[in-house]
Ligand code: 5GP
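Taking the form predicted alone, here's one chain by itself in structure tokens.
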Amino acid sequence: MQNLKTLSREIKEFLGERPDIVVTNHQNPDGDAVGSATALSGVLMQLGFRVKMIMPNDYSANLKWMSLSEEVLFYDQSEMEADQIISNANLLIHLDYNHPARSGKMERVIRESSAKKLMIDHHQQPDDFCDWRYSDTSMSSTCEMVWHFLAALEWTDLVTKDLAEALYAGIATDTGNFRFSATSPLTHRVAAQLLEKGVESQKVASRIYDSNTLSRFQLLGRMLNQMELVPELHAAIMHLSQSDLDECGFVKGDTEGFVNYGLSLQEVEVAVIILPRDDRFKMSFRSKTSFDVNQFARNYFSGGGHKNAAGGISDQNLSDTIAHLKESLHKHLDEITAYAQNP
């Protein structure tokens, strides 16, 4: 990882060449990914750079209010066009992911690109695929890091209210509304500076959380009804099948945050939700105190993320996935129990 001051100086010098820029983020973009891409792209556009936001696939409707949403090109909908733009770019900026594989089908063209590459990300164990890396696992979110990056470049004056709202949304969603352990005094100071830009926190929260669909509520009911508590493991295991999604009329974003319902239960240290995704199962892991779900996901489910929030995948069927999950958690029984009993 490079020092931010040194990195920003080198980036500023390179930008003097007026490169064509592509801003990317990870598959299934969340609030932090969309917010950071929106804000950084918006500032670069104000400076007169040719910038294109390319995301692997579409994101949920409760984030569509962010400015520049109409400018986004989705790779899975326009693969040939996106390939051409990425191939012609002089600078690729990778936000909120630290390994090309997390960009899904974009991985190939990213690896083949001869453009300079900049990563800004807060996930653990970054891959060494970029010319410049601003990687800090202590940060609450990539949106917080983008603010610091813009400050190092002396460009925060270019953050308009709309762009500040995007950054604030990313910080709020990635910190669980400022309650996760990575929320630092510095995080709150950044949030305060965004509020000074005119951000109305209640409006941002309403746009994100008060736009539920009927299908989301129906799916939530099914998930809670099917939730399995494993008391000896201090774990809550939740799942939905493809038929559940189909019968409830699932739309993208409906299951966002569901895993936290299990974590909110007393004496639960680990919560997991299992969802169908392209003939596999996508898994989301959360821990309440100090059990490292990032390492757990890496060890058993080809995943990773943060200490208290991570993702993984399973190629097994649902029942075998749950069995493997329980077996894997049992290997850490003493550790999980100790954390649960001494929060």
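When you see a residue number, it is the position in the sequence shown, counting from 1. Quick caveat: nothing in here was measured; it's all calculated off a predicted structure.
There is another form of this protein, the form predicted in complex with ligand 5GP, and it is not shown here; the text below is about that form.
Full three-residue contact with ligand 5GP in the predicted complex, heavy atom 4.5 Å, for 239, 324 and 332: None of them does, since no heavy atom lies within 4.5 Å of the partner.
Distance check, residue 288 to ligand 5GP in the predicted complex, heavy atom within 4.5 Å: No - in the predicted complex, heavy atoms of residue 288 and ligand 5GP never come within 4.5 Å of each other.
Contact of residue 309 with ligand 5GP in the predicted complex (heavy atom, 4.5 Å): Yes, residue 309 lies within 4.5 Å of ligand 5GP in the predicted complex.
Partner contact for residue 123 in the predicted complex: ligand 5GP, 4.5 angstroms, heavy atom: Judged by the heavy-atom cut-off of 4.5 Å, residue 123 is in contact with ligand 5GP in the predicted complex.
Partner proximity in the predicted complex: residue 234 to ligand 5GP, non-hydrogen atom cutoff 4.5 Å: Residue 234 lies outside the contact set for ligand 5GP.
Of 284, 41, 62, 314, the one that lies within 4.5 Å of ligand 5GP in the predicted complex (heavy atoms): Of the listed residues, the single hit is 284.
Candidate stretches 66-74, 298-306, 47-55, 314-322 - the one whose heavy atoms come within 4.5 Å of ligand 5GP in the predicted complex: It is 298-306 that comes within 4.5 Å of the partner.
Residues of stretch 87-119 in contact with ligand 5GP in the predicted complex (4.5 Å, non-hydrogen atom): The stretch touches the partner through 102 alone.
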